[in-house]
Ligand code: NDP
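First, one chain by itself: the form predicted alone, in structure tokens.
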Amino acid sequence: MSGKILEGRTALITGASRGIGAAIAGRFAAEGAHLILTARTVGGLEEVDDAIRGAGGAKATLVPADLLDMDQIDRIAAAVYERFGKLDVLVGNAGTLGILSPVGHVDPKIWDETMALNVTVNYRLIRAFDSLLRLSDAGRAIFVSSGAARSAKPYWGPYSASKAALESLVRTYAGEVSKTNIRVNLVNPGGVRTAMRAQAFPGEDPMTLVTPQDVTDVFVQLAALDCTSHGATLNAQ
């Protein structure tokens, strides 16, 4: 035994080309997982893969995709089944801030895109990968939420509403699979030094925030074979 927590496990991470997704990828690789990484930018995925291999990890499976073309999610799931026969860990990390604006001023296109990426894409991931997670001896599904799901701050309407909907969706799914080997949870990373955080708080000193690497412990905990948490929202800080 190598002592690595995720040795031999296959994990798919969305939004994996930068920020928290890239940090989770690096940490999972260090713990022995084989990674399936998806994001829109090929270059970003390649940089993450190079960093993982430079640190001694195995080459990841890179899947450039715009998940808003949701039929791609079904095709990815079919390819994962054909190659691996199952999926052990699903991390739904891809998301967007949308826009900070009074609700009455939000452009309908931005509203729809925010709800689509933050909620509907994750529903489609559940729909596509539920059967593959059931084929694992210990399927794990982890979704990235936010404190905005409960704070309902003024001007954060699209993001707050989408994260609240995501939490309701994920808790519902958790209840539906409670008698299986799947464990389903949410993570609230808190304030992290990412591009999305800089977009939301442009005047903030990023050096006052933790790095994406600093919030990866909880993801490893929730992906592990011995995870017992289910239907919970865990704070990464």
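Keep in mind that this is a model prediction, so the values were computed, not measured. Don't overthink the numbering: it's just position in the shown sequence, from 1.
Beyond the structure shown, there is the form predicted together with the ligand, which is absent from this document and is the topic of what follows.
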Notebook entry, point to check: Between the options Leu62, Ile52, Val177, Val192, which residue brings a heavy atom to within 4.5 Å of the ligand in the model of the complex?
Noted result: Val192
Check: Taking heavy atoms and a 4.5 Å cut-off, does Asp66 contact the ligand in the model of the complex?
Finding: yes
Margin query: Taking the ligand as it sits in the model of the complex, is Ala94 near enough to touch it, meaning that at least one heavy atom pair lies within 4.5 angstroms?
Written below: yes
Item checked: Touches the ligand in the model of the complex: Ala25 (any heavy atom, 4.5 Å) -> no
Check: Taking heavy atoms only, is Thr41 within 4.5 angstroms of the ligand in the model of the complex?
Finding: yes
Next item on the list: Among 70 to 78, 124 to 132, 101 to 109, 138 to 146, mark the stretch whose residues have heavy atoms within 4.5 Å of the ligand in the model of the complex.
Entry: 138 to 146
Notebook entry, point to check: Mind listing which residues of 109 to 141 have a heavy atom within 4.5 Å of the ligand in the model of the complex?
Noted result: Leu117
